[in-house]
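Let's start with one chain on its own, the form predicted alone, as structure tokens.
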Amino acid sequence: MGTPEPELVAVAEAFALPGPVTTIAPLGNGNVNDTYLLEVHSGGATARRYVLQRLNTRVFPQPELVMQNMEALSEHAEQHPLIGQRWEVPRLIANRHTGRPWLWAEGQFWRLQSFIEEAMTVEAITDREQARQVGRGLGLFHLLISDLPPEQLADTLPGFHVTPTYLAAYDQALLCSPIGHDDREQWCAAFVEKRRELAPVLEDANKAGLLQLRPIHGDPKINNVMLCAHTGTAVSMVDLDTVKPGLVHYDIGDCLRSACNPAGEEACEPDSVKFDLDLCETLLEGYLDAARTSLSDTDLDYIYVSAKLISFELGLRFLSDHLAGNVYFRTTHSNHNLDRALVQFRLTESIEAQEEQIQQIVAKLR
């Protein structure tokens, strides 16, 4: 590995590290932040590793509030450990000059966290045990934060996972960039039009008092659940910048959407996309084994619609970004977000077609 970039080394060494930085390399494939894995020589035989991130301040315009949420979560986790099992919350590293766990440098916002050792993530579920552990990981996370008062967390992303907000943004994008003659754009637009009444379902349930705001992860894709490299059991959840008050159904739906589509978010053939019932059942088994005590019967009633809604919502977001010129999600070609929207809408269709079976799974696991 070559010599680390001096600018990145300078940023990293502004934090309270136990020794000099020896290597820095890009880590992961996130769509929002820039993430690096760095190694530090601390005098022992084994280098210590950390995760350095540059937050996208266009997405997170108040990054200090993001960090305050992470500090609140970390403090809560220390006071309420999950006894009898390995579970780690990434540790924040202080700025050696200010004592706060962040750094502003030339208009850019950085943070440094501990690296979860002897753990891995997966981009697609390959067997049912992985699905169980991904569900269990989210369940343990929800159990851990179930008694963290949501008012202790800032709403760092107002409107995030509030589907009517995304529908309004889509309508605005349509005004600026109307649908043309592209068959796939036309199909997506027709798909949205038929499901406008779906958008407010969870928000309406919240307003009616059926569902309550709680702390949530906000982005529980399968590659944000860390699995033990030796046993395969869930040991952590990472990418905590979206932790905020919300409905746990956003998390449950997003996890199901992400895990139960074997073709993946970047599927080349949208017709290959299908919501896998076996993975759904196994994931929910793992989730409810961990989190059932923190959920009401009414919470369970909304699991099916949460999976359908969040896949629809993400497709709506991809389609809006496509129409707006790809300004939010990172892309590799001009129609990348359109391709992604098609995948999510096909997944929504598959979930709708299997409503009865999904409801039976939830009933069985109550």
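Quick note: we count residues from 1 along the sequence shown, nothing fancier. Just so we're clear, the structure is a prediction, and the values are computed from it rather than from any experiment.
Keep in mind that the form predicted together with a small molecule is missing from the display, and what follows is about it.
Trainee: Would you check whether the small molecule, in the model of the complex, lies within 4.5 angstroms of a non-hydrogen atom from each of 32, 239 and 257?
Mentor: So, yes: the whole triplet contacts the small molecule.
Trainee: Counting only heavy atoms and a 4.5 Å cutoff, which of 331-339, 62-70, 310-318, 294-302 contacts the small molecule in the model of the complex?
Mentor: Among the candidates, contact is made by 310-318.
Trainee: Spell out, yes or no, whether the shortest heavy atom distance between residue 219 and the small molecule in the model of the complex is within 4.5 Å.
Mentor: Residue 219: contacts the small molecule in the model of the complex.
Trainee: With a cut-off of 4.5 Å between heavy atoms, is residue 247 one of the residues that contacts the small molecule in the model of the complex?
Mentor: Residue 247: no, not in contact with the small molecule in the model of the complex.
Trainee: Examine residue 157 and determine whether its closest non-hydrogen atom to the small molecule in the model of the complex is within 4.5 angstroms.
Mentor: Heavy-atom contact with the small molecule at 4.5 Å: present for residue 157.
Trainee: Is residue 265 close to the small molecule in the model of the complex, meaning a heavy atom pair under 4.5 Å apart or at it?
Mentor: Yes - in the model of the complex, heavy atoms of residue 265 and the small molecule come within 4.5 Å of each other.
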